[in-house]
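To begin, one chain is listed below as structure tokens, in the form predicted alone.
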């Protein structure tokens, strides 16, 4: 009994406050470019399924986080850009920030911590913003990544589920590898659910929706993006080798899919599998297949019975049909590359796992 109470007390230190409603939503550059269905589903989930108030401002811009982490955008500039985001939120009458991008989430957290410990920087930023735009801002009352928010509503989603994360052929839970973005859990551990040591934000969803979380040696290893490691062309071999190290570590456990909460991580683990196959002829899934990499929004959508093509799964490099067959999801292949009004789009030539 004492042991269990001690565990609960320790685990309480790894929790975070997540607002329940009234969110100012900020999109992700990478997610809306590569996985636009994920962001659209999040908005539909929050507004139509859960009945929450979520506002987004068309005047919102990139946080410039990639430029900052690549030593291109100065700290004073990025703090002013972020202050403008907070000003838009203030003007719209919101206090709870919902952040789609893990890099943005880490950046917002870093800036808020900077202002807390160095109030002079906060005053400088207020001055810069007012001189540049005539705007003023308030500090958000609550900052949550959108995976935090989906996690907080995981049980409500489970209660509305049309399918579970169970292999419809064997009846066994799907084996799922989760990958947490470094900027979510490692920069400021107390800002993420479970911290850097025990991040629970994705495994909690998997557990609630019937899947099995697979542990493996490189579970907390970086996806390989690393910003400068990839953005500088000469460094891309280093980026790829990091990702391959992660894939080789999970391969013996035969995961059915990879679940990620960072847009960049999702993109890299999806596209690097194609790269590894083309360069070296290697794959990391069963039967010579690659491993589908999904966002948590896409997975929530499948659980709720959404059409996978409406979720945008066809826009991944690693195609999802093997996973969909295991889930028992009925799909119409002829609709895969059609627009909403029924027009046929060009069919990509180099997809894998089709």
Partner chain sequence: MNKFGYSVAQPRVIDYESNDRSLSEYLNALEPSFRRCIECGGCSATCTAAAYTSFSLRELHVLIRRGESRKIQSALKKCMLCGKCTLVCPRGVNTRNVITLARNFKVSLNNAV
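What you are looking at is a predicted structure, and each value in this text was computed from that prediction instead of being measured. Positions refer to the first chain, counted from 1.
One more form of this protein exists, namely the form predicted together with its partner chain; it is left out here, but the text below deals with it.
- Scanning 141, 123, 278, 136 against its partner chain in the predicted bound form with a 4.5 Å heavy atom cut-off leaves one residue, 278.
- The listed set 213, 166, 87, 244 contains one residue whose heavy atoms approach its partner chain in the predicted bound form to within 4.5 Å, identified as 244.
- The stretch among 200 to 208, 232 to 240, 103 to 111, 166 to 174 whose residues place heavy atoms within 4.5 Å of its partner chain in the predicted bound form is 232 to 240.
- Mapping the unseen interface onto this chain, residue 274 counts among the residues with a heavy atom inside 4.5 Å of its partner chain in the predicted bound form.
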